[in-house]
Ligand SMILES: Cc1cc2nc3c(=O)[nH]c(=O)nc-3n(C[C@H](O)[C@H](O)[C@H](O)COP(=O)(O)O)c2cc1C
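Before any questions on binding or motion, here is one chain by itself as C-alpha cells, the form predicted on its own.
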Amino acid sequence: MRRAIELASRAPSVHNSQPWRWYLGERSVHLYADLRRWLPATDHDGRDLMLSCGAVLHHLRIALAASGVGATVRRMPNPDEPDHLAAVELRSGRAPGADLGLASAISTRRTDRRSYHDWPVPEAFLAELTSAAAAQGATLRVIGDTRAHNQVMHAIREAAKAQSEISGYDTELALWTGRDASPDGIPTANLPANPGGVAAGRRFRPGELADHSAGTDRARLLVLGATSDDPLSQLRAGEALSAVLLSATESGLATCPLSQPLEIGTTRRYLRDAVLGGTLSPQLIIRVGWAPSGPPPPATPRRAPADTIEDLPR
C-alpha cells in the first residue's frame, strides 16, 4: 500500500500543493483532504483542493489495479467528516480492468506549460479522452469552433484580472512557485522562461524551461464538466481529470490543466452558460497537444510518504 500511495502521489495538484493525507487500516486506506495545504487566495471555495484529491484517488485506483489488488471505493463515507473523502476497501485476488499502460503513464506524465507543436491532435485521440472522462462519470467537451475558443480565452483573461485584485493572491502565487529546495510547489525548472508565451496559461514568474516550439500553437482546449457542482461532483471530476491526463500521456500528448477561470465565480458561470449552454457545471479546462522539441519538463518534487501516511488508530 505504501508503494502504491507513493506512486499515486505523482498526481497533479494545484501549484503542486499535494493537499492530501492517508490513513492505513488492516484492509483499507482512507483519503483525507489536508486543509493545512489549502490555498485560500487562489482557491477560495476549495474546488481545486477537491479536484487534486480526486486525481490522487484515481491514481491510487490505477496503481492498485496494476499491482493486482482489488479495491472498492466509498466516496464521502462520513457526513460528519467532510474532509474524509474516500474509504478504499482492499481485497485479495486479481483486480479486474488493470491497465498497465495507464499505470506506467503515472511516472511519465508532466504538466507542460510550454507552447505546443503546430501538428493537429487527431479527432480519434480526442474521442478516446472523452471516453476516459465519461468512464469516471464526467463529461469532456472539446472546444471545436473559434467562437467557443474565444469565449474560453475571454474567461481566462477576466479571471486573471479578477485574481490580481484579490488580497494575498500574488503573495500566495509567489510562495508556491520557484521552490527549488522544497518537496512541494512548482520549481523554477518547470516554469517557462517566457511566461507570456502561452495565452491560456497562468502568469507565473519567469522560469528556466526553454520553449522550442515553432509555428502556430495547435493545442486544443477541453472543458471538463459535471452535472452538479457539489464536493462529490468535484471529487469525481478530479478522478476524470486523472483518467484524461494519463490517457493523453499514454497516447504521447502533452497536457496542462487550467484551473484559473474556474476559481472565480463570475468566469465559472460564464463558461457554464456561454460555452456549455448551461447544461454542465465546468470543473476544469485541459490543454492538450504535441510537445515541442527538446527535453520534457523534469518531474516535480513530491513529499516523502512518511509526511502523508499514518496508521489508523487502533
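Note that the coordinates shown come from a computational prediction; the quantities given were computed from them, not determined experimentally. The numbering used is simple: start at 1 and walk along the sequence shown.
Only in words, not in the display: the form predicted in complex with the named molecule, which the text now covers.
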So which of 64-72, 274-282, 50-58, 30-38 is the stretch with heavy atoms within 4.5 Å of the named molecule in the predicted complex? 50-58
Going by a heavy atom distance of 4.5 Å, is Gly289 a contact of the named molecule in the predicted complex? no
Since only the chain is shown here, I'm wondering whether Arg10 would be in contact with the named molecule in the predicted complex (any heavy atom pair within 4.5 Å). yes
Consider Thr111 of the chain shown here, and say whether it contacts the named molecule in the predicted complex, taking contact as heavy atoms within 4.5 Å. yes
Determine whether any heavy atom of Thr267 comes within 4.5 Å of a heavy atom of the named molecule in the predicted complex, and answer yes or no. no
Within 4.5 Å of the named molecule in the predicted complex, do Asn16, Ile186 and Leu241 each have at least one heavy atom? yes
Pull the contact list for 240-269: residues with a heavy atom within 4.5 Å of the named molecule in the predicted complex, in sequence order. Leu241, Cys256, Pro257, Leu258, Ser259, Gln260
